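Take a look at this single chain in structure tokens; it is the form predicted on its own.
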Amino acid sequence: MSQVKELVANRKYSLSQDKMPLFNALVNYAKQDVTPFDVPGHKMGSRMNPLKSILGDMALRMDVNSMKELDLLSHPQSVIKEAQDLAAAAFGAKQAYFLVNGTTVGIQAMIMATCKPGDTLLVPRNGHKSVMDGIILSGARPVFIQPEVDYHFGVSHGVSVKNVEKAINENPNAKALLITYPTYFGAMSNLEKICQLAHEQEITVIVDSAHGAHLPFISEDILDPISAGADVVTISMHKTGGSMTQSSILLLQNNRVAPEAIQKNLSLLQSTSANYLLLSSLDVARREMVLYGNERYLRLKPIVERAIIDIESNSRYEVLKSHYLEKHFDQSYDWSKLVIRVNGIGLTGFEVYSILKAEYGIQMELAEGYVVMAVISTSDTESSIRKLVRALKDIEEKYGEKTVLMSTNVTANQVNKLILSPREAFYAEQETVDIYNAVGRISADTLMIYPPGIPLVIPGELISDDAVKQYHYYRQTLGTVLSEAKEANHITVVKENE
């Protein structure tokens, strides 16, 4: 049993986690008879407008500025500090830091706190855009690790222990290793073994756990990143933990990274006008997850298992499962990510995603060439899950084809060659060219599909024919690829004299 699960089982611990110091302080302040001459300018919603008419009086009264009663995020001393300490205990960490700029700012702070300009950072190539931006900000030299590519489902999973060990052996002086755990699609590498390998070389392990806030509470079979030995972890409480969008938590576990370095970088990157609605939602979500998370996931798991059986029954759908990942990639799986392979009915994931929304009022988390994905959280019910099952069965009956849809451009076949560091390319002299004439040029741009936010090309990489084909595939099927170039089918590249 993990450290967190032992704590959750302890009644005294659970009772202490019943507190919501920041949320209660904010509610108490909002209920006071205050005449505000501070910001924000709506003055606690004193004038009726469309925002107040929809959100209500209390929401705007709780949207206030930092003050003595409510503490200061950049230098917490009272209720924010108490709320952060409760969060640290809830996740088995030494310290916790509340974030209001999303996990993006946590990832950037983790990288900047562990890597100076020129330091080597080992990182999976299927990392989120915020990882690539953190590399640019820090000036770190990335060494990319190829993730495990699943051609059957058309997605990338976590990095293998073998590939991580190879990267460590070839770069023993690396300062940090970043791991995505779980991946967007729920795959989890053997993080405990990876941490052991990295720590033997005094390499700090930082973890992008944007999609893993729930891991300590979902199952005894799943190891959360802190229990696995990670040094610094950032979790998106808003994604699977129940807080408001853009609110996250950075967790610090040991002495490999100084708390002062984390706070210094967060103060550099994060807003000085932290939103108290977001901060207080972290306090509430932490309490809910600790007190009720495990019980709710236990109730949900058999419902999800039944749904998987029904989705696959007499159909050509296939759902990603634990035994498949273990057999083919030696990785474990987060069952709360419902990844459904739909190309067996002759449709792309993008098509099924659009049909689900337009005809059934179901908003999926994302689509890829072969799959759609639903995120299951403690707010889901048997009714909501059954609605998805019925819709998928109906789509196959109405729109399904007998041919299996296949494409060579659904997954990346190689890691692009890095010619310049992302920081060098970011600051180099640049020009914009037609992407179909850009093969062999050095990118100064980020081409990205969002969600999941994993770039096809990042600054400093050589633009390959494979990358352009992928771009073309996504433009045809999805309709858009995010880039910094203003014109469609164009990309910003480093001028050749650079």
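The model shown is predicted, which means the values in this text are computed figures rather than measured ones. Numbers for residues come from their place in the sequence shown, where the first is 1.
What follows is about the form predicted together with a small molecule, which we do not show.
- Between the options T120, S236, S227, N190, the residue in contact with the small molecule in the predicted complex by a heavy atom within 4.5 angstroms is S236.
- For the options R341, K175, K337, H128, the residue carrying a heavy atom within 4.5 angstroms of the small molecule in the predicted complex is H128.
- Here the chain stands by itself, but in the predicted complex one stretch of 217-225, 95-103, 367-375, 152-160, 95-103, has heavy atoms within 4.5 Å of the small molecule.
- Taking the partner from the other structure, the small molecule in the predicted complex has no heavy atom within 4.5 Å of any heavy atom of C115.
- Using a 4.5 angstroms threshold between heavy atoms, Y184 counts as touching the small molecule in the predicted complex.
- Mapping the unseen interface onto this chain, I107 counts among the residues with a heavy atom inside 4.5 Å of the small molecule in the predicted complex.
- Residue contact with the small molecule in the predicted complex: A210 places a heavy atom within 4.5 Å of it.
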